[in-house]
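As structure tokens, one chain now follows by itself in the form predicted on its own.
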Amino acid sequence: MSEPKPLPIAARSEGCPFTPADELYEMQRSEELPRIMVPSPLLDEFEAATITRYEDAKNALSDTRLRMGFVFDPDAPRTMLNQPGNLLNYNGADHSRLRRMLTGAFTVKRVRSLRPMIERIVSDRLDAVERAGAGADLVRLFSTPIPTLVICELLGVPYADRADFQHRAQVGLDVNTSRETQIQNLAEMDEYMATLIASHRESPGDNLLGSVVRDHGDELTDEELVGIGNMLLIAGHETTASMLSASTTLLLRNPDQLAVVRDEPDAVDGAVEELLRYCSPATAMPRQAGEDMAVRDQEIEEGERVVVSVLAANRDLPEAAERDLDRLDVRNPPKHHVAFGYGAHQCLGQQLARMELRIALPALFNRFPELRFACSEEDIEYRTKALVFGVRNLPVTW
């Protein structure tokens, strides 16, 4: 077995931020499961076996022997990965119990009912971009506010609190912060969310969090409800915001692909799937072996950590023999991808994320059909080392 080596969990090519690093492709070709050192402000640096092939990723993410590994420890400091109510802190029957209470809020029918609200928010943000004029930063005015406003509507967060709410979510996903910063940030999130939960306990609002309190409040403690609220904030806000900004940047770099999203409504659903595969905003998913086991006939010991590279796996789909998966092709959407994970812990809010992308992207390019960068492509800063891949700034003109 080779010695573990340090590797950023979101390793991207120096030549193109949308392309996996050469090291990830080398791992994919290797018959041996490589061990790497994974930096984490919440777990400290840890060693993990790395899974980069698509079939291995699907098998691992659906294997109940590979657990989340973040079971709540009341004696340890509270972090995003150590709090009751967060689905990432549960396995097996405990996870199923909690997930069942939330599933009804994210059905296809329920998400479809949110379309008018999302369309209104998108239209308002497009007005804001137009008012700002040439040089407007789409990250600040469009990509970030849309999922923020949507999740605030769903959680019942007052408009005046949204800036602080958004800031705490960004800190919670920043791997470059210290553990102390993360602990302090979660304490502030807990304090705010506890106030929100108390309000819903008194009078459940007509929103997602209100419905959970109304339908399952007797089965959940206030601490669990606080954790649920924090989880929904992080999962429902930052990933979609990052995906919107990354997709827009990618399409501006590929005008022929942008034209399909702008001009062909019937192609939008498939285009969004291809963008999810290609951008892979949530780049890596960690697990921990609950018992001795084997992955591709290679031993994984009980307690050993495993990291699934979503970024690499999405360039290794079964259709790799039919097409070049390193080339963006929104007319040829993937039959399968693991951008939302796979198995019991597959993203609960994936239909909501899809809905926001399907509405926002064509609306942006139709409002501004001549949209283009207001700076050189080299001046755009990417978050290639964050837990969620994205773009820091996106100045545009039209």
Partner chain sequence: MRVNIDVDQSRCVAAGHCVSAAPEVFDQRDEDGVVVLLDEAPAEHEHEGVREAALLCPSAAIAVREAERRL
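Just so we're clear, the structure is a prediction, and the values are computed from it rather than from any experiment. Residue numbers count along the first chain shown, from 1.
The same protein also exists as the form predicted in complex with its partner chain; that form is not shown, yet it is the one meant from here on.
The partner is not drawn, yet in the predicted bound form one stretch among 32 to 40, 338 to 346, 360 to 368, 45 to 53 has residues with heavy atoms inside 4.5 Å of its partner chain: 338 to 346. Contact check for residue 77: no non-hydrogen atom falls within 4.5 Å of its partner chain in the predicted bound form. Contact annotation: residue 184 falls outside 4.5 Å of its partner chain in the predicted bound form, judged by heavy atom distances. Not displayed here, its partner chain is kept clear of residue 305 by more than 4.5 Å at the level of heavy atoms in the predicted bound form. Shown alone here, residue 65 lies farther than 4.5 Å from its partner chain in the predicted bound form, counting heavy atoms only. Put simply, of 332, 59, 28, 351 only one has a heavy atom within 4.5 Å of its partner chain in the predicted bound form, and it is 351. The listed set 203, 195, 123, 103 contains one residue whose heavy atoms approach its partner chain in the predicted bound form to within 4.5 Å, identified as 103. Contacts with its partner chain in the predicted bound form, taken as any heavy atom within 4.5 Å, map within 104 to 132 to 104, 107, 108, 109.
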